[in-house]
Structures are given as structure tokens and as C-alpha cells.
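Consider the single chain below, provided in C-alpha cells and representing the form predicted on its own.
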Amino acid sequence: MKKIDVKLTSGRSIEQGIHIDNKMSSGYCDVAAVCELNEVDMSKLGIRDGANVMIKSKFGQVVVRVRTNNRNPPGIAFVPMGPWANAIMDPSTGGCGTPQFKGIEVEITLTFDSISPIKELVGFR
């Protein structure tokens, strides 16, 4: 299975912000459980928009849908802030109360697993 090693960054997106008041909705999942990659990185993986990918960091792993975003340079992946990004981010805050949301080393591979359910990520049963 092909894989790429990239740096992960996270932040707010307009789409995610529209659905932020209902994080359990399918609309929120559709816009927050995504990974945006440059077409160069998509080509290295041999995947197209809509494929599911496994993102692994030393802090965790998560399955999200991938889509092309050529505003990202090759080697940079973007996942909107939210439960899916939190699952793979460094939880340490360095005393400032905010985790590091940029430059996390991750490995991305194609997967046929389903998108990680939000209820599982937040521990809601």
C-alpha cells in the first residue's frame, strides 16, 4: 500500500464554521472529517477525491475523506479543527493551554475503512 509522510496543519474553515453549532450532524462530518492534499501528493498515493485515508501520527490515528486542494504545497496536509484533527494532534500545550496545530508529522495511506465516527472520537456512547 502506498504511503506518504507529510506535515499536518489544522485550522478553522468556513465550511466547518457553518456547521459548528451541530457537531453531531452529517453536514459537520462532511466538512470536518476531511484531509486536503495537493494533487502531487494525491498522485503519489494513487487516489482521487472522495477516497478514505488513514492518517497516523505518534499521537493517534483517524480515517477521513480526502479532497484535492492545490493551495496546499506538496508535503502539507490540512484537516479542519475538530474531533478528527484532535485525534492526531499533540495534546501537550507547553503551558499556554492551546495544543500545537501546525507541523505534526503524519503518515497517510489509502484505506477502505469507514470514516472514524465522531461519537467514538469524543467518547460519547
Partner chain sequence: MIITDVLCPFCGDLCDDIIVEVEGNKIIEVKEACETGVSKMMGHERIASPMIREDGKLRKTTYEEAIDKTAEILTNSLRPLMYGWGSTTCEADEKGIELAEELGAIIDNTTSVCHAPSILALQNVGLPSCTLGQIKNRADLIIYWGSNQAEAHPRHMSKYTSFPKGFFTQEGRKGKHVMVFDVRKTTTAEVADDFVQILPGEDYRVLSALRAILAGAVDVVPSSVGGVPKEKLVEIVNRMKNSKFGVLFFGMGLTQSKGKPYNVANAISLVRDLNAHTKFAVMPMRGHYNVTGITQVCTWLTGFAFAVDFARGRPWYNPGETSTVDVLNRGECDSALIVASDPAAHFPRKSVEHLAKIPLIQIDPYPNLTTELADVVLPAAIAGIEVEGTAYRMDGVPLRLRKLIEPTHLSDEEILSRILGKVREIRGD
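Note that the structure is predicted; figures quoted are calculated from it, not measured. Positions refer to the first chain, counted from 1.
Same protein, other form: the form predicted in complex with its partner chain, not shown, and the subject of what follows.
A.B. asks: With a cut-off of 4.5 Å between heavy atoms, is Asp90 one of the residues that contacts its partner chain in the model of the complex?
C.D. replies: Because a heavy atom of Asp90 falls inside 4.5 Å of its partner chain in the model of the complex, the answer is yes.
A.B. asks: Give a yes or no for Leu110: in the model of the complex, does one of its heavy atoms lie within 4.5 Å of a heavy atom belonging to its partner chain?
C.D. replies: Close contact is absent here: in the model of the complex, Leu110 is far from its partner chain, nothing within 4.5 Å, heavy atoms only.
A.B. asks: Consider Gln100 of the chain shown here, and say whether it contacts its partner chain in the model of the complex, taking contact as heavy atoms within 4.5 Å.
C.D. replies: Answer yes; at least one heavy atom of Gln100 falls within 4.5 Å of its partner chain in the model of the complex.
A.B. asks: Please determine whether Lys3 contacts its partner chain in the model of the complex, using a 4.5 Å cut-off between heavy atoms.
C.D. replies: No, Lys3 stays farther than 4.5 Å from its partner chain in the model of the complex.
A.B. asks: Within 4.5 Å of its partner chain in the model of the complex: all of Ile20, Glu36 and Pro73, by heavy atom?
C.D. replies: Checking in the model of the complex: Ile20, Glu36 and Pro73 are all within 4.5 Å of its partner chain.
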